[in-house]
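To begin, one chain is listed below as C-alpha cells, in the form predicted on its own.
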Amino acid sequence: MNDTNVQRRQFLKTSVGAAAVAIAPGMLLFDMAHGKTEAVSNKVRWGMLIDTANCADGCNDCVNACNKENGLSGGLSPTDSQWIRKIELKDKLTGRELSLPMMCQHCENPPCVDVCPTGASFGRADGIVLVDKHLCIGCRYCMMACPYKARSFVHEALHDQKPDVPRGKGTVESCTMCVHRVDKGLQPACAEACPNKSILFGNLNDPESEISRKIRTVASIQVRADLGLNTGVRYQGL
C-alpha cells in the first residue's frame, strides 16, 4: 500500500472519530448543528405506543402529517422517501384485519448502527436513532440490516427543504421521531395529527408517564421481539 492510501485511510478514521465525539454527556456534533444546546440524557427513553384497534382503515393522517412536517413528497414515485407507511394485516385463520403505521422502531440495539461503516447511523442517549447526513456515504448497508424496511435512499436532488430537517441526495434517511420537535418539548407530528389519538408518545423510562402507565395495563408487543432489539415503538392490539 502506498503512502497516499495510508494517509487517506488515517484521515478518514480521524475524521469519523472527530465527527462522532461528544461535546457533553449525551450530546453529539449532530445536535449542535441543529441548535440543541443541552445534553441529551439517558434518563429519558422516548417511545410510542400505537393502538391498532383505534387506527382506522384508510386513514393516512399520520402519514400526511409526517410528509408535511419533514418536507417529504409523499411517495409520488417509487424512489421517493416515505418515513411512515400504513400496513394492512389480515389473520388468515380468523379473517381479522388491522391497519397500522410502520416506521423506524428506534431500537435500543439498532442493527443499522452496527453495520454502518462511517458512524453516520447512531442512537442518541434518549433512544432516538438518527442518520448524520455529513457522514453518510450512501452504502445502504443500514437499509439491508433493518428488519422493518424503515429506511429510504434519496435518489434525486432536493429543493425547498425544511430548515430543521436536513436531507441530501445520495444519503439514507428514516423517521427521526420528529427530533426537532421533541427537543422543543413538542410531540412528533404523527402523534399530534392522529384524530383517534392512537399514537401515544412519551418517556418509557418514567414509570409515572402516561405511556409507561398504559403499557403496564394493556397488552402490547414489539414487532420482531425475537430479535432482542428492544424497540422504542410498541403496538397494542396486535
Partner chain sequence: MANLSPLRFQTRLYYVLVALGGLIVLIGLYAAHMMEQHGHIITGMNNQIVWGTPHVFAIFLIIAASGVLNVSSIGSVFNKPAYKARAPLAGLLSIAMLAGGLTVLMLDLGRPERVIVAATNYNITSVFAWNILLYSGMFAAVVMYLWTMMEKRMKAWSKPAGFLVLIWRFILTTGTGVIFSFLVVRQAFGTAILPPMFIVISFAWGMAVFHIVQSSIYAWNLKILDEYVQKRMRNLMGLFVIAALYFVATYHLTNLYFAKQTEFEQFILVSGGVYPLLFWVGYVLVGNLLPLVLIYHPAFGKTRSVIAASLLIIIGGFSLLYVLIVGGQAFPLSIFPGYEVSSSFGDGFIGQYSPSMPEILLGLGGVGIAFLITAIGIRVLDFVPREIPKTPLK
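None of these values were measured; they are calculated from a predicted model. Residue numbers count along the first chain shown, from 1.
Same protein, other form: the form predicted together with the partner chain, not shown, and the subject of what follows.
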| query | finding |
| --- | --- |
| Complete contact of H106, H159 and V165 with the partner chain in the model of the complex (any heavy atom, 4.5 Å) | no |
| The partner chain contact in the model of the complex: T79, any heavy atom under 4.5 Å | yes |
| Non-hydrogen atom contact K169 with the partner chain in the model of the complex at 4.5 angstroms | yes |
| Contact test in the model of the complex: R224 vs the partner chain, heavy atoms, 4.5 Å | yes |
| A125: touches the partner chain in the model of the complex, heavy atom cutoff 4.5 angstroms | no |
| Heavy atom within 4.5 Å of the partner chain in the model of the complex - qualifying residues of 109-138 | V113, D114, V115, C116, P117, T118, G119, K133, H134, L135, C136, I137, G138 |
